[in-house]
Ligand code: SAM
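Just the one chain here, the form predicted on its own, laid out as structure tokens.
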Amino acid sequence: MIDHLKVPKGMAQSAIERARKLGMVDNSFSIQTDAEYVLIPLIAGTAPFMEYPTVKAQGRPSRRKYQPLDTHGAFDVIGHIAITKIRNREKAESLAQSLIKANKSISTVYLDTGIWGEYRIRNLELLAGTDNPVAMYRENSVVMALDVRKVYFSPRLATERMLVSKDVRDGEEVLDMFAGIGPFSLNIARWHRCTVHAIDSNPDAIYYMQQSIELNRLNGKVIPHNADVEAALYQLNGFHRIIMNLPHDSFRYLDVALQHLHPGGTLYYYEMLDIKTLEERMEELRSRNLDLLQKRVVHGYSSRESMFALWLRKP
């Protein structure tokens, strides 16, 4: 059951438009209608507005198709924002206009021209719509606030975050070494009575993590740490599970992670690898006597490399 705004049919269109402008509509669920009223699904934690009541109702997952029929190209959707990496400017602008036209829930389209800076932030150019980089994003019943120009976030790991969350058990101590805005941490604490220490050196990521903690009803506890990961770990004890989602540089921190992982604990390790470097990495992991629990491709990255998930157990 989720919150819905209950609006008389005759007032529904204006109410929907105003709710979308305020960023209150949960686009992962459909708007429902009956003989008299329209029920508008709301993002958890958003306050009711105008004179209409908020009611609890079973959410109906949206079947909206984001891909326009007349334009092809890959893109990610984060709340009201769509982001594409299409390098052909004409094709990118055509896709952007089609997305805005075909989807009332998308009001901003950016072109991602690359990653820059210490915090690996996307360099974004506005292609269409309003220049509004602050979004509310929902996945696996978790709501997250973020500014896509200030923090890095990928919706493509939603399934991975769900799988890791399901693997955790109540009462465990978990470390999220490169947490960002905390999607792994929040997914885990949403469903488990455990403590998650979430570390990130980007102060904006920690700010939005704290906002998201307030937005969600968590069964567990997320403790943010705005610090360099190695400095933060000097003040922390051992953990039952450690998440290492720094796919371009994870191996550099492997040994310090293992120092803080309890015997029998699980390490969720992510890295961008091609076939040759994957074989080399597996040999290095075996040399540390780690047991391989799972190995799979999370998603492609380039023509040669993919992001691999390696779930490992410390003896």
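Owing to the predicted nature of the structure, the values given are computational and were not obtained by experimental measurement. Quick note: we count residues from 1 along the sequence shown, nothing fancier.
Below, we turn to the form predicted in complex with the ligand, even though it does not appear here.
- Taking the partner from the other structure, the ligand in the predicted bound form has a heavy atom within 4.5 Å of a heavy atom of R161.
- Using a 4.5 angstroms threshold between heavy atoms, R89 stays clear of the ligand in the predicted bound form.
- Not displayed here, the ligand is approached by S201 to within 4.5 Å at the level of heavy atoms in the predicted bound form.
- Using a 4.5 angstroms threshold between heavy atoms, A179 counts as touching the ligand in the predicted bound form.
- With respect to the ligand in the predicted bound form, the three residues F251, M282 and W311 uniformly fall beyond 4.5 angstroms at the level of their nearest heavy atom.
- The contact residue chosen from F153, Y208, W191, F75 relative to the ligand in the predicted bound form is F153, the criterion being a non-hydrogen atom within 4.5 angstroms.
- In terms of contact with the ligand in the predicted bound form, the residue from R120, R169, K104, K85 that brings a heavy atom within 4.5 Å is R120.
- Stretch-level contact check against the ligand in the predicted bound form with heavy atoms at 4.5 Å: of 93 to 101, 212 to 220, 124 to 132, 180 to 188, the positive one is 180 to 188.
- Along 228 to 263, a non-hydrogen atom within 4.5 Å of the ligand in the predicted bound form is carried by D228, V229, N245, L246, P247, Y253, in order along the sequence.
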